[in-house]
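Here's a solo chain for you in structure tokens, the form predicted alone.
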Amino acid sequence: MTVKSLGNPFSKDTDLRHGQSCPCDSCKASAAPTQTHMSSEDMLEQAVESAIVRSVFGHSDIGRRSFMGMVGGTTAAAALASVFPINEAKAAILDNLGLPEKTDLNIGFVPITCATPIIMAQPLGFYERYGLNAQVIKTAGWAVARDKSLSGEYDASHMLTPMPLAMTLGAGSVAEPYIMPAVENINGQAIVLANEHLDKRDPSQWKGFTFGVPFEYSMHNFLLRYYVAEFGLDPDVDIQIRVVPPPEMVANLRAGNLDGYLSPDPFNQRAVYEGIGFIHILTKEIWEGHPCCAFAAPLSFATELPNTYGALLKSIIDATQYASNPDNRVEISEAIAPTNYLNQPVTVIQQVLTGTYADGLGEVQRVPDRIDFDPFPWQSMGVWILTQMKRWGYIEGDVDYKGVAEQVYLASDARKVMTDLGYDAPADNYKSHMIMGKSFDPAQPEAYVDSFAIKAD
């Protein structure tokens, strides 16, 4: 299914026969920029509606367009609805998806504990439970994960929550509509400093420091920037921020290439385990319950393979809910430790997942929700991420914060699957968030951006 097949099937001017990259004059003339920020739930529903209408006309698009031209789209829609329960049919199709159209899937992951649900779903049988033969493929870093997803080498991927927003907008890559129907983990990150900086616990002392983050379009980058700016440092002037793949964080800290990093685990804990760094602060202390990583895929994956998409989303949400139970985390640590997954000592992973850990400062901390797992993709979180992309110059001009967040963060899909699986799901898609003691109102994103004294020029 292509973008053209998502056109209005009741319009005489829409040609539903051609593909997304078709160069014909008709396709060029009928390209509809107004669809850019259509919500992905609406896109999937319109795809079903288009298929029903085309079926009625025997897949003769010329006949369909001729009829729409004679009677008008509104009249045609009313006439069809009077003899065919189109709304009920759409609901039935969407609610009763059948066997997966494709069972053999490649799913990319970067080897960090944030990917726990996607990784553990293979050895613990969650993909198989929903009829899928999914292979999870270790990926060195986020640029590789993005590129392999864009090229189609990965059917779906573990991604950082800002990535599908950026990819949809074409920030840092070609523009491609992406969807994020489930968050994997909340919390789960930390700022680590090299041991030589034990006397510099005050961030205002960090001028001239070099920090690592795993990717530009990451919560790590945006949380680090937010944190140092609250202490009066301009992250683009007073410190250096380098992109370092997570598996290379510890080696760069040891070599002195980094003074610290805001990284996903287990590499924060690994620095303590290796005796070369200490945990300065957990990111949950910056923003309790912040999102980090997620399950994401091209929009075309959902529209072309709706049964497969539904089965995969169920697998991921079921695994995420399983991981949310602290009683399961010792078992999960053992399942994801092997070389083909995280390739880390089980004890390091257990310290992260259980929240009982050495902090590198001589203390053992007990923070059960150091990392937690909640699949619901709050669209207000997407709006916050977009405000930080705007604040630091990653996107420019007018931003349709709400439109983009709703197009990418598929709260309705997550809610339906969570409910179907017997899990509690929020009734709303938006809420306010508290970041370092300051409330973020998702209804006022531009005012929020303007409120910061330190931001990109």
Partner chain sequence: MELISENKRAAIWSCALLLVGLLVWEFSISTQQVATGELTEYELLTGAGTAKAGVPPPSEVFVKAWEELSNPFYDAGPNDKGIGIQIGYSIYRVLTGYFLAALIAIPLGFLIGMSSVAYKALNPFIQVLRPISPLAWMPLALFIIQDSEASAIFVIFICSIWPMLLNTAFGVAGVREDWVNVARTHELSAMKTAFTVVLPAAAPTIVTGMRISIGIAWLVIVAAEMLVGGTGIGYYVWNEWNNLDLTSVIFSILMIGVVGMLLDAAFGFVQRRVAYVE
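All values derive from a computational prediction rather than experimental measurement. Residue numbers count along the first chain shown, from 1.
The next section is about a form of this same protein that is not shown, the form predicted together with the partner chain.
Visitor: Pick from 134-142, 300-308, 284-292, 324-332: which stretch has a heavy atom within 4.5 Å of the partner chain in the predicted complex?
Guide: After filtering at 4.5 Å, what remains is 134-142.
Visitor: Only one of 207, 200, 254, 242 has a non-hydrogen atom within 4.5 angstroms of the partner chain in the predicted complex; which is it?
Guide: None of the other options qualify; the answer is 254.
Visitor: Taking 4.5 Å between heavy atoms as the contact cutoff, choose which of 111, 188, 375, 260 touches the partner chain in the predicted complex.
Guide: Checking each option against the partner chain in the predicted complex, the one that comes within 4.5 Å is 111.
Visitor: Are 274, 351 and 363 jointly within 4.5 Å of the partner chain in the predicted complex, each by at least one heavy atom?
Guide: All of them do, each having a heavy atom within 4.5 Å of the partner.
Visitor: Is residue 250 near the partner chain? Define near as a heavy atom within 4.5 Å, in the predicted complex.
Guide: So residue 250 counts as contacting the partner chain.
Visitor: If we define contact as a non-hydrogen atom of the residue within 4.5 angstroms of the partner, is residue 270 a contact of the partner chain in the predicted complex?
Guide: Although the partner chain is absent here, residue 270 would touch it in the predicted complex, with heavy atoms inside 4.5 Å.
Visitor: At 4.5 Å between heavy atoms, is residue 367 in contact with the partner chain in the predicted complex?
Guide: Contact with the partner chain, no.
Visitor: Do residue 148 and the partner chain share at least one heavy atom pair within 4.5 Å in the predicted complex?
Guide: Yes - in the predicted complex, heavy atoms of residue 148 and the partner chain come within 4.5 Å of each other.
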